[in-house]
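Let's start with one chain on its own, the form predicted alone, as structure tokens.
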Amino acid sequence: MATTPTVLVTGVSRSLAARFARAAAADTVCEVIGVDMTPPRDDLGRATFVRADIRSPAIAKVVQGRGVDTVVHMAIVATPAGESGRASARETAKEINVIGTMQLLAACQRAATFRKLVVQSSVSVYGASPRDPAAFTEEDSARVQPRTGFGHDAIEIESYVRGFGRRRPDVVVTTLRLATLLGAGVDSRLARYLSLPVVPRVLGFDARLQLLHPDDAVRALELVVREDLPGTFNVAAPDVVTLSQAIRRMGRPTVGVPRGSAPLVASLFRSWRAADFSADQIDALTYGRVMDTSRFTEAGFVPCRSTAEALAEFVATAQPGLLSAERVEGAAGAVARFAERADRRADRHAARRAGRA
């Protein structure tokens, strides 16, 4: 049996997991092992790194061989490497999310020393639709479930974790549904979207955004590792900003896009390699989504940064636009013309279908 608590953190090549591993390792009574397929770019502090693929049964050797008693599973890929929109990148992300989680849970189930599992999940499990409640509680499910993409993976991951909890009732299982991260230096799809030289917006909608600063995400993870808090918790700053407010604070020009043309405009940005929007992300930027965080507040967690403060920090450190004012104006015109043509084409198709009916 291990003489000191041993915490294994998956996915430490990613920034948030590395930050958490470094913070956890600062506790001198705790040994922290970071695991990933590629070496971390961020400093892990006192944490040690082990190169391992959680999709492989070999992860069991790490869990059992090192006497791991706590696993913090953060190898959850929302943004495929390269962000190219290629099917291969998405398939790799799904393998890491789903197959990796299954292999990791199998390894934990066989480990006699294992006593706690913490899983990083996401607000994406709630989807986004016009039928959503004002704020999702942990008992709510998506009104329109994500059929593909990261939201679908997150729902699958949570179902496997619930199954693990039933098989190992002696293990404390905690799932944290994190809101979208934003702050200085954060690289996420929302950060890339807000940093576009011309930001497309769906006409007639102004999504509510609820954010979480990475420092608060780390504090939340530290809390549930330090204390036994079984169950599922929404983790976010309690306040919201609207999408239009966020874009104004970024100082970016916008172009309105009809809802039906949004996927076509997304493909245009993807072809420019400027941004990659899945159908789920378009829904989130159209309808927005907000979580009720009262359960985690009652458990003792209060974020240090509000949504507005996380956004302000990101805005203060965001890179200036890559295009000159003339090119911004030209890009805005190109997107507007593209959306207009797509809308006319959709109208013509609808008229032809009506004529044939």
Partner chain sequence: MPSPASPSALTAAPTDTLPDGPDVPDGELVLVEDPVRPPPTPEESLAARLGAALRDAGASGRRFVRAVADDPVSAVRSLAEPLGLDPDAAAEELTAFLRSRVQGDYPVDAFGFDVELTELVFLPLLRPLVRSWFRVELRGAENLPTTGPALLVSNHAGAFPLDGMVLHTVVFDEIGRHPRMLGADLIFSTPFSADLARKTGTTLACPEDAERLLRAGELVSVFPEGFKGLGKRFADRYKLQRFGRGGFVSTAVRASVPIVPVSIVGSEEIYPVLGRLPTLARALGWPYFPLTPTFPWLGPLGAVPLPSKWVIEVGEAIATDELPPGAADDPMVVFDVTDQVRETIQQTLYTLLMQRRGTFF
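Positions refer to the first chain, counted from 1. Remember, predicted model here, so these are calculated numbers, not experimental data.
The same protein also has a form predicted in complex with the partner chain, omitted here; what follows describes it.
Arg131 is the sole member of Arg110, Arg226, Arg131, Arg162 with a non-hydrogen atom within 4.5 Å of the partner chain in the predicted complex. Site annotation in the predicted complex: the residue of Val240, Val77, Ala142, Ile155 reaching within 4.5 Å of the partner chain with a heavy atom is Val240.
Put simply, Arg248 is close to the partner chain in the predicted complex: some heavy atom of it is within 4.5 Å. Contact annotation: Ala279 falls outside 4.5 Å of the partner chain in the predicted complex, judged by heavy atom distances. When the partner chain is considered in the predicted complex, Thr148 lies well away from it, no heavy atom lying within 4.5 Å. In the predicted complex, no heavy atom of Glu309 sits within 4.5 Å of the partner chain. Between 189 to 197, 99 to 107, 216 to 224, 240 to 248, the stretch whose residues reach within 4.5 angstroms of the partner chain in the predicted complex through a non-hydrogen atom is 240 to 248. Contact residues in stretch 198 to 221 (any heavy atom within 4.5 Å of the partner chain, taken in the predicted complex) are Leu203, Gly204, Phe205, Asp206, Arg208.
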